[in-house]
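Single chain ahead, by itself, as structure tokens, in the form predicted on its own.
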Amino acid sequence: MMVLPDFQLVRPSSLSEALSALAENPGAMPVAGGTDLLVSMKHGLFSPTHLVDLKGAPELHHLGVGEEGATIGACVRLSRIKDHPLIRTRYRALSQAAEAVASPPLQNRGTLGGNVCLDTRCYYYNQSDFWRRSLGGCLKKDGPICRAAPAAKRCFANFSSDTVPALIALGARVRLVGGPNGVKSERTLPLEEFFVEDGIKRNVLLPGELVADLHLPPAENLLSGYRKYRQRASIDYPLVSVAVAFQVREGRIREARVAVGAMASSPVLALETMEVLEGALPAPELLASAAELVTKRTKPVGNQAGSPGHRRLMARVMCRRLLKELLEAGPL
């Protein structure tokens, strides 16, 4: 039976107290819903001395949608995002992505910040401690090589967040607060710049730094959507995911953004697809040629169910179908 390691639980009542708790306890980790972290701790992947519960910080629970865009706190639950009427109409891709996460009970616990900071996944990593030790470990945990790509010099664990591709397609910016040694700093950056193409490092968060919230730009006349391919219709992480957002002005596609998930160690902006779509007149041939380029920058390896080739194929199929559906449906 897998059990949690010993740790102390800290329950701050503000964001400032949470940052102080992280600074005062170098072995601490933040936790909100805990739907991924606690399972990983049972697998022996993390052994924090302290867990800092962020749910008591009211600054992290704000969700506001207005003419200037949307701001969503890191501790806003995925079910709240999924069911929010303005998110559903203005930022449909994000609502669909939140609804695609795992299952409703986990959506009721999981948070947006937790899903943004989700750990990368791999067959050789997300196993029990006994299983990994029998194999000799992996580069991400107690081993010398990446089992999925033995000749590589880095970890190829797979990026598996549902909400992130949707957020990137929608042009989200992430606000980070805190820093090493209790420094009370703040920085904001485009969400795609938050991630690192490395299965171990994953993102640019510094020790003691937290995701505070995410901001989405105004969504007037925006068409967006999210599609996910997985083994089972619930619970499973994506094998491939695609998010698309664009406007149609004077009959032409404008400001197209396409993001791909679960095909590398970080989310991927499909720049070639975006270039084909930008300013073009919608036509079946155009959508097909744009979708064919959606996996050009991806780097899938054999560490998930399904071959890399099959996952690339499904990404192209989903991208083409999603573009077609959005253009046919138009705004809500």
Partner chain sequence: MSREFQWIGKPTVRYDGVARVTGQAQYTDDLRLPGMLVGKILRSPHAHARIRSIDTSKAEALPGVKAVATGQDAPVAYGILPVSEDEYALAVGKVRFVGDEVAAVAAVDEATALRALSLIVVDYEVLPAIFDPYEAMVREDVKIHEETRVANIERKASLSFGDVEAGFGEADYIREDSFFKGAATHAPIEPHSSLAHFQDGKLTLWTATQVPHYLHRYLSKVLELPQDRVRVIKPALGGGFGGKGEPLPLEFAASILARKSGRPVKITYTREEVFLTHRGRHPMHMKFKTGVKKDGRITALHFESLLDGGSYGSYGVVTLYYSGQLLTGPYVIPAYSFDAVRVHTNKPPCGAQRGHGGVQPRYGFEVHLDRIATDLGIDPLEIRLKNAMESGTRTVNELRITSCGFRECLERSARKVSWEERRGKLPKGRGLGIAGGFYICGAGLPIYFNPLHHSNARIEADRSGRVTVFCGASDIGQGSDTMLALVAAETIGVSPESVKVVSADTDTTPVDLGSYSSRVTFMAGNACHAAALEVRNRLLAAVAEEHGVSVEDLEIRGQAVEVPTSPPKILSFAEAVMLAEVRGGPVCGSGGYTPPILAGKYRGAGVGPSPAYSFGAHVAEVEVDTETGEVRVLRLVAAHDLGRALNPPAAEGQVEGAAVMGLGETLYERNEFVKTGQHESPSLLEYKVPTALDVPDIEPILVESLDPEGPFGAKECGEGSLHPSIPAIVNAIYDAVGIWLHEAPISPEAVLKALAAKKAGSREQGAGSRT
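Residue numbers count along the first chain shown, from 1. Since this is a predicted model, take the numbers as computed values, not measurements.
What comes next is about the form predicted together with the partner chain, which is not displayed.
Though the partner chain is absent from this view, in the predicted bound form it lies within 4.5 Å of a heavy atom of just one residue from Leu322, Leu15, Ala23, Met314, which is Met314. Only one of the listed residues (His84, Arg121, Arg257, Arg90) places a non-hydrogen atom within 4.5 angstroms of the partner chain in the predicted bound form, and that residue is Arg121. For the partner chain in the predicted bound form, the listed stretch (202-210, 162-170, 257-265, 125-133) containing residues with heavy atoms inside 4.5 Å is 125-133. Interface residue remark: Ala151 is not counted as part of the site for the partner chain in the predicted bound form, having no heavy atom within 4.5 Å. Taking the partner from the other structure, the partner chain in the predicted bound form has no heavy atom within 4.5 Å of any heavy atom of Arg249. Though the partner is left out of this view, Lys141 does not reach within 4.5 Å of the partner chain in the predicted bound form, counting heavy atoms only. At a distance threshold of 4.5 angstroms between non-hydrogen atoms, Gly306 is in contact with the partner chain in the predicted bound form. Heavy atoms closer than or equal to 4.5 Å to the partner chain in the predicted bound form belong, across 233-248, to the residues Ala233, Ser234, Ile235, Asp236, Tyr237, ordered by sequence position.
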